[in-house]
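Here we start with a single chain on its own, the form predicted alone, put down as structure tokens.
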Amino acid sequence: MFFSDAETISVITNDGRNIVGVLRGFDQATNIILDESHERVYSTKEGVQQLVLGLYIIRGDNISVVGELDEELDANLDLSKLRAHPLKPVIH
């Protein structure tokens, strides 16, 4: 399924990565297609790094959590001042 009115979402993968992008499509296996995506890398020593990924496909079996991102709230965050421990991998 593909969308023309796409939403910005945040995806947490099983290996602890946080990927943010515009949802362009998904299928019955929960494979997700993101456009304009970037990975947010958290650190306790420096601000959040954003690594540009562009068009990105995430396999459904590698997804832990998917959530809609509040774009207004996200735009008001100063990620350079945000500190956090990186997420640990999900253990099944």
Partner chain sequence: MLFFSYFKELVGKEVTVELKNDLAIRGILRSVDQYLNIKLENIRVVDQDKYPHMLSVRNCFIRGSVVRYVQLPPDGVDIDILHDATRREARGP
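Residue numbers count along the first chain shown, from 1. What you are looking at is a predicted structure, and each value in this text was computed from that prediction instead of being measured.
Below: the form predicted in complex with the partner chain, not depicted.
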Given that the partner is absent here, does L23 sit within 4.5 Å of the partner chain in the predicted bound form, heavy atoms only?
-> no
Does Y56 make contact with the partner chain in the predicted bound form, using a 4.5 Å heavy atom cut-off?
-> no
Please check if D61 has a heavy atom lying within 4.5 Å of any heavy atom of the partner chain in the predicted bound form.
-> yes
Though only this chain appears here, would V52 touch the partner chain in the predicted bound form if you measure heavy atom gaps against 4.5 Å?
-> no
Contacts with the partner chain in the predicted bound form - residues in 48 to 81 whose heavy atoms fall within 4.5 Å = G60, D61, I63, S64, V65, V66, G67, E68, L69, D70, L73, D74, L77
